[in-house]
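Take a look at this single chain, the form predicted alone, given in structure tokens.
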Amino acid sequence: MEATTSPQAVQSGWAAFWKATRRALTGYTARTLLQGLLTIWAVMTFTFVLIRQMPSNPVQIEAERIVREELVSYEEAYSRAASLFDFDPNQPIIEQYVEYLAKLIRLDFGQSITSAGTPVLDQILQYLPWTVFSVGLGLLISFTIGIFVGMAMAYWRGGILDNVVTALASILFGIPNYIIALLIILILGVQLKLFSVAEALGRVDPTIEPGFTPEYIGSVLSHAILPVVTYVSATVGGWILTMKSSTIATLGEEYVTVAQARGLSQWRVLTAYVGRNAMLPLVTRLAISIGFVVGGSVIIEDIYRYRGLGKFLTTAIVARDYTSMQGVFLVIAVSVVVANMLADVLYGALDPRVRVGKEQ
């Protein structure tokens, strides 16, 4: 006589399973959030102390500028510079740190030291969209190209496409992004004159009135082309090579062989069985890249005069604007931590084995 399972027993079993899952997930989420908060605090504290160990301070930088431009004594220049800023360079660092934490608890990033008391948060929100647009678009394009091209190269490895693209990707991967930017300007702009260097720099044509008009949108897109092309060129090689290596490893798995033996089409095997699993090692790297998107590229934005958050950070470093630097570094740290947490969730969605490991 066969044993039967009552509906009540099945329901009770599922209830116990979901209860254990929620308990494991809650504990894991709490640990992840705590680890993220500790990481943000550590980065925030480290950068707070580090930037104050840099040579000079805002008052000294401004005093040196006054001496160079107005040829007055350093004592007079220092006195005038000190009156311009609401900042005391002689205040003990521990008192500065306590004041900074007290403001940060109220989500107050403070006021810029060198910009007439402008709130740092307002400046970050002014520059951030431009950086997210250019760097984010470049990351999206390079990642998409890298996934499909790398997967195709691995599946049909050994051919002309594989050899040519592998060599090209290796070259691009080894060239720093600022070198690519300079080559684009010198070769395409100056030598071949494919575009006007003077008109291409900046983030928008200043003669066009801002608004959702075709002229303004077209100007924004045209000025973003050079940074986006640079970001794509500098990163696509890494995505291609990584995806190729991961796909080759995945093609050797047994479930791929079984899928091919079942007579499934190459496209079905490549997308449903190979692509999804080969992407797993790239998820964490993509998350870190997304987190650093908000920081922009300091050198690229400076070369193209593209006033994003990277350019804003450069200006703050030169002027030793402590509060502005703290605000940018904090935003970058929070973005990276949040992106890694989201990557963990996404990794679990792509690979159920990760979820099983967390529940145990």
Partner chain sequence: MDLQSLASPTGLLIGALCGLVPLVIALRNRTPRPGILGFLACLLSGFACNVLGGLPMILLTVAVVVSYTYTDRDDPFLSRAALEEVDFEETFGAMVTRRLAGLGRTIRAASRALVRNKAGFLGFLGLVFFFVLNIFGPMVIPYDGQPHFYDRRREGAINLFQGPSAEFPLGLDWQGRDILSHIVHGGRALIITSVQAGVITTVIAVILGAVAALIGGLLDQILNAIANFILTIPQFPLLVVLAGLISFEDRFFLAVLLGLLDWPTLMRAVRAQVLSLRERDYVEAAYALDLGLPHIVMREVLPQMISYIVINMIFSIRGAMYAIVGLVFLGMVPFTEPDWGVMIFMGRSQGALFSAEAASMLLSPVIAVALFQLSLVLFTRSLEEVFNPRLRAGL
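Positions refer to the first chain, counted from 1. Here the structure is a predicted model, which means the values were calculated and not measured.
Keep in mind that the form predicted together with the partner chain is missing from the display, and what follows is about it.
Using the partner position in the predicted bound form, report whether residue 241 sits within 4.5 Å of the partner chain, counting heavy atoms only.
-> Output for residue 241 is yes: heavy atoms within 4.5 Å of the partner chain.
Check whether residue 333 has any heavy atom within 4.5 Å of a heavy atom of the partner chain in the predicted bound form, and answer yes or no.
-> Flag for residue 333 set to yes.
Indicate whether the partner chain has at least one heavy atom within 4.5 Å of a heavy atom of residue 144 in the predicted bound form.
-> Judged by the heavy-atom cut-off of 4.5 Å, residue 144 is well away from the partner chain in the predicted bound form.
With a 4.5 Å heavy atom cut-off, would you call residue 337 a contact of the partner chain in the predicted bound form?
-> Residue 337: contacts the partner chain in the predicted bound form.
Among 102-110, 133-141, 182-190, 88-96, which stretch sits within 4.5 Å of the partner chain in the predicted bound form, heavy atoms only?
-> Looking at the other structure, the answer is 182-190.
Does each of 148, 164 and 235 have at least one heavy atom within 4.5 Å of the partner chain in the predicted bound form?
-> Not one of the three qualifies.
Position in contact with the partner chain when the complex is considered in the predicted bound form, options 249, 217, 225, 175, heavy atoms within 4.5 Å = Of 249, 217, 225, 175, the residue with a heavy atom within 4.5 Å of the partner chain in the predicted bound form is 175.
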